[in-house]
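Before any questions on binding or motion, here is one chain by itself as structure tokens, the form predicted on its own.
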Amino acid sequence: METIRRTKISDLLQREDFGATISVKGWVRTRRGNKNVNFINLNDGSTINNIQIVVDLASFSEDHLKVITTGSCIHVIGTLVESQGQGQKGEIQAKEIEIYGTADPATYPLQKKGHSLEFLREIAHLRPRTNTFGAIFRMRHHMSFAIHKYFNDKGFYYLHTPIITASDAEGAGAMFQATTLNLNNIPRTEEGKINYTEDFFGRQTNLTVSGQLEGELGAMALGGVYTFGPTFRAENSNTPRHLAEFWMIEPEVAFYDIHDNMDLAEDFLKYLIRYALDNCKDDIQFLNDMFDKELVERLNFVVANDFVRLTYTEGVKILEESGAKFEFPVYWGADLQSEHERYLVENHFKRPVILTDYPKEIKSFYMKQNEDGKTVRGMDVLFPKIGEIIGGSEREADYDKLTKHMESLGMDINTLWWYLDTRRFGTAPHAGFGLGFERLMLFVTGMANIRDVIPFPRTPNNAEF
């Protein structure tokens, strides 16, 4: 075949230099036609849209063409011509077709008919070839880029925090252990406990649940930092909102109070959604048409409206007086469930909500305590269809208050000596939050299950691929 530089389909669909010779490569979505001409829809992953290849059957042998079926991979050289049909400007009149790889119709699982999302999870290695998952994974890239761009443009520094750690940032205890000990012959101490001095790090270590604590260390030197990396929770949660491995974005900022933190969270979310609307138009429109008819409207609505800000106490009062029937009871001191959060957002305010000043008993040890002795300067951002999308707080900067609170929770302050040092040496007010990347992806794609917005979901009893 001629050596012509390949053109991506996303670029090709913008071109109008009809008559030009084009080289295009991709996977066959469909092939149809009559006894004179065939039409091949080709996709290379660069866009949700296909390019149509027009094949004059007189120019190609039947044997050569019969293996070009859905899923096969081909290289086409041809002429860009004006399209006869509706929908796109150009198509390619094929001159040469090279077959890279065939896909036996009897065994290739992605045939033309629609497939359920559950079925596609079982073939996660092939599902990126569908329109749906091509759109979602392109959007994952665009959202990742937008996150880095936002913080870079605001003068934040990207801090790489450890994946393997000896600390439990959330105090939840649901952590995956990282060990090189022989599990068939575990070394024991004289008391019969596991002897971690013989492990790789000489102590018990786990996969991180959050980069926050180390992020705070960075903020206490660099001013404003953010982390963006994988985090792990060994919770046996088989729900559409939980994964065992997911990605978190966690800014930490010196000299911020709770109000600065809320402003940052709202501005950040609006920026990301606006970026998606501006840069993922075709993919969002496809997901809107196929899965969630209100997606575009909802994204525009969030960008256009101020978030409501109210205290947890006010929120609980609204829920108690709502007369709504909830699965979980509502009372002051209760950890609000997704149904409560969504009621406030979708039914009562009809806007995103930032709830603040939670009871200290239901929040993490590092949150700054309010003067009332009962509440902390925590904040959760609540979104339609999702519930909590961001959780954050002003951090406790006072050494004595922090150590006292940790001891009251039965925590061993010696294991976090390095964290407490930032309160001993030049402490400063600071705040931060965590955004679960997959929760954001659920919102911008309109998908209902978190397993459908990450390429290879890790859930209880599932570590395939």
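Bear in mind the structure is a predicted one, so any value in this text is a computation, not a measurement. From 1 onward, residues are counted along the sequence shown.
We do not show the form predicted together with a small molecule, though everything after this point is about it.
Note on the interface: of 278-286, 128-136, 205-213, 147-155, the segment with non-hydrogen atoms within 4.5 angstroms of the small molecule in the predicted bound form is 205-213. Within 4.5 Å of the small molecule in the predicted bound form, a heavy atom is found for all three of 241, 250 and 395. 366 is the sole member of 366, 312, 228, 307 with a non-hydrogen atom within 4.5 Å of the small molecule in the predicted bound form.
The listed set 233, 140, 340, 377 contains one residue whose heavy atoms approach the small molecule in the predicted bound form to within 4.5 Å, identified as 233.
Within this chain, residue 268 is remote from the site of the small molecule in the predicted bound form, having no heavy atom within 4.5 Å. Proximity of residue 246 to the small molecule in the predicted bound form falls within the 4.5 Å heavy atom cutoff. The small molecule is not shown here, and in the predicted bound form it never comes within 4.5 Å of any heavy atom of residue 345. Interface membership of residue 27, defined by any non-hydrogen atom within 4.5 Å of the small molecule in the predicted bound form, is ruled out.
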